[in-house]
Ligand code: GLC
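Listed next as C-alpha cells is one chain, alone, in the form predicted on its own.
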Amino acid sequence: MGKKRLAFLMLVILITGIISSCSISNNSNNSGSGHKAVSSQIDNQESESLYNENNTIDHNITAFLENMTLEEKAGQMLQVERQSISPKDVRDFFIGSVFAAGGSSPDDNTIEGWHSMTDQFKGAATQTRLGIPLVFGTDAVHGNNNLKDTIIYPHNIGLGASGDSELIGKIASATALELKAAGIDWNFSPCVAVSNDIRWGRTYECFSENPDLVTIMAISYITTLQKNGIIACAKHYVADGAVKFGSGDSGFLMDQGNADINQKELDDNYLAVYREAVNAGVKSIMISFSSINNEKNHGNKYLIQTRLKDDMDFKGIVVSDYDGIHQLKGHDTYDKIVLAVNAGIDVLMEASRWRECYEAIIKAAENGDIRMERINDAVTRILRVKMEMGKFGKQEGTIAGQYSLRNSVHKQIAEEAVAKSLVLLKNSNNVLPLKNKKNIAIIGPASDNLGIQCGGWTKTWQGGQDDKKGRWMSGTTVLDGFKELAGQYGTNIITDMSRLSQADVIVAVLGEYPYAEGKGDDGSLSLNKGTVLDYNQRTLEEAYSAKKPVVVILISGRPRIITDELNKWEGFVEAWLPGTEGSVIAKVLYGDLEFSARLPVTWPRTIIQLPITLNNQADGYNALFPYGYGLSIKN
C-alpha cells in the first residue's frame, strides 16, 4: 500500500471517528425527535463515572440530567405493571420502575420466584446507556400480601384499634425484611385515608376517623419502613375517605367518588395528615382516583403542585394510582398526560398503555405543552429518591435464600397485633372470660376460614375464601385456637349445630366476604345483606333457639348495624380482619391475654345516621358505641 493511500485512509478514519463522536454527543443532550426505542447496548462504564458516591446527591442529579435524553427521562417517569412489560422493554425504553398490581405474581409465587423475577427487570436497567437503577413496587398493605402462604397482619382498622405505634413499627420492619428478600424496593403503603363514612369499601384500609390517630400510626410505619430500605408511599392524596355516598365513579357506589368539602375541613382533617407524613420524610405520595369538589385529583394542580409541593415542600415522588390519569378529561391520552404531568404527577402507574404514555410525554415536551422544567423536576425527584434510598451503587440486603417464610419472630408480631386489635364491646353477666366454661360451641361461617379472616388484598386483589381445595393461605383460624386450648383447660369444643343445647356458651363467629375497593361499597351494612356471609343469619337463629348465652365475634372491615340483635347477645367482640394468625383470638376470650383495644371509628346505631364521626356528629352523636369505646376484663 502506498504512503499517500495510507495517509488518505487514516484521514478518513479520523474524520469518521469525529463525526461519530459528535453524533453521540448530540444524542446525549437531545431534546428528543425520534420516538422509537433507542438502542441501549452500550458499555455501562459511563454510569459509573456519572454517579459518584463522594459527590452530593444534588451534584449527581445534575450530572445525570445534563446527560439524559428526553427518551431516557420519559422512561424514568413510567411505572409499568410486570405483566405488560419485558426486561427487554425496560432496557430499550429506559423504564424507571416496574410494579406488581394486587394479585399479580410470578408463576413461582415464592420468595425465590419473586427475587428471580425482580432481578431480571433490574438487570435489564443496568444495561441501559446510563445504568439508572430500576425500583420494583407493590401494594404490601398488611404484610407482603401478594405472596402465597406468607404472614398476613391485621388490616389497618384493627391496628388503629390497638393505638400502638410501636407495634406497627414492628410490622413495618418485618414487612420490609420480606420485601427486600423478594427484591421489592417500593411499598405503596401506608394508606393514610381518614375514614368518614363506613359504607366505603376501603374503610378497613383506614387506621381511624381521627386524623391524629391516623398520623401517629402512619408516621411510625413510614419511618420504620424507610429506615429498613423500603420506599414508603402515603396514599391516596387527598380526602379519599371523605367521598359522598352515591357519588362513586367506575360503576361503584362510593369509591373514586367526589368529596364536597370546604377549605378548612380539607386542611384540618385531610391535608394535615399528609403534612405530617412529609415532615416525617415520606419518599412518595400516591394520588387518589377521587375528586375534590368535582375536580379529579389526578389533574388538580392546586392540590398537587401548590399545596403538596410548594406549601408542604414535598421533595419526593408523586405517583398516579393504577391507570389513574385515564379518568381525566381529554380527547386522547396525549391530553390526559399533559394535564396530569403539568398538575405535578411525576410517575405514571400504567398497565397496558405505557407505550402510548411514553410517546405522549415525548411529543408533549417537543410541542412545548409540557415544559422541560417540569420534566426535569419529575426526573430530579425520581433520581433523588433512588439515591437517598441507596439504589445506586452496590446493593446490599437480604437475599431470598436467607429469609425464612412465616418465621417465629414475625408470627409472634402478628399474634400480638391480633390480640391488641380485638375490641370488647359487650360482656353481660361476666360471660367472658371463657376459661371456666366446660362446653363451648364454636359456630358460624367465619369461625374456620382463613380467607375470610384476611379479607381483601390477600394473594389476589379481592381476596378469597377457603374451599374444598384447601385453605386460602397458611395460618390458623379462630376455631383452631379454641381447639388448641381445649386440652389445656379441659374444655369440650362443639361444632355440630345439632348439639348446641349441650353447650354452656355459644360463640358465633360472623363475618363479611373478602372484598377490596369499590366492590366493598355497601349501602346496607346489615348482618344479612350487602357484603356479608350468607350463613350469618342462620347461625344466629340456631344459636338463639338453643337458649344458651351467646357471644358474637364479628370478622369485618368495619362496623355493621347490629342494634336489633345486640340485646340477644351476652358478649360481643369486634375482631376486624385479623389476618392469618387467628388462633390467638381464643387466648383473649379465655382470659390468657387482656382486651386493650378501643374503637378507632364510631359505631352507628342506624344506617340513617351515616356518615357519623367525631368530626361529623350527626343525630347529636347518638352512636351505639362512640369513638374510643372498649371494655376490659379484670381477672
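One-based numbering along the sequence shown. In this text the structure is predicted, and so the values were computed from the model without any measurement.
We do not show the form predicted in complex with this ligand, though everything after this point is about it.
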In the model of the complex, which of the stretches 467 to 475, 544 to 552, 121 to 129, 321 to 329 has residues with heavy atoms within 4.5 Å of this ligand?
321 to 329
Please state whether all three residues Asp139, Arg202 and Phe289 have a non-hydrogen atom within 4.5 angstroms of this ligand in the model of the complex.
yes
Single option in Leu303, Leu485, Val194, Ala101 placed near this ligand in the model of the complex, where near means a heavy atom within 4.5 Å:
Ala101
Sort through Lys336, Lys235, Lys283, His115 and report the residue having a heavy atom within 4.5 Å of this ligand in the model of the complex.
Lys235
Is there a non-hydrogen atom of Asp448 within 4.5 angstroms of a non-hydrogen atom of this ligand in the model of the complex?
no
For Phe188, is any heavy atom within 4.5 Å of this ligand in the model of the complex, or not?
yes
Non-hydrogen atom contact Glu178 with this ligand in the model of the complex at 4.5 angstroms
no
Although the partner isn't part of this model, could you tell me whether Met349 comes within 4.5 Å of this ligand in the model of the complex, counting any heavy atom of the residue?
yes
What residues of 445 to 462, in sequence order, lie within 4.5 Å of this ligand in the model of the complex by heavy atom?
Trp457
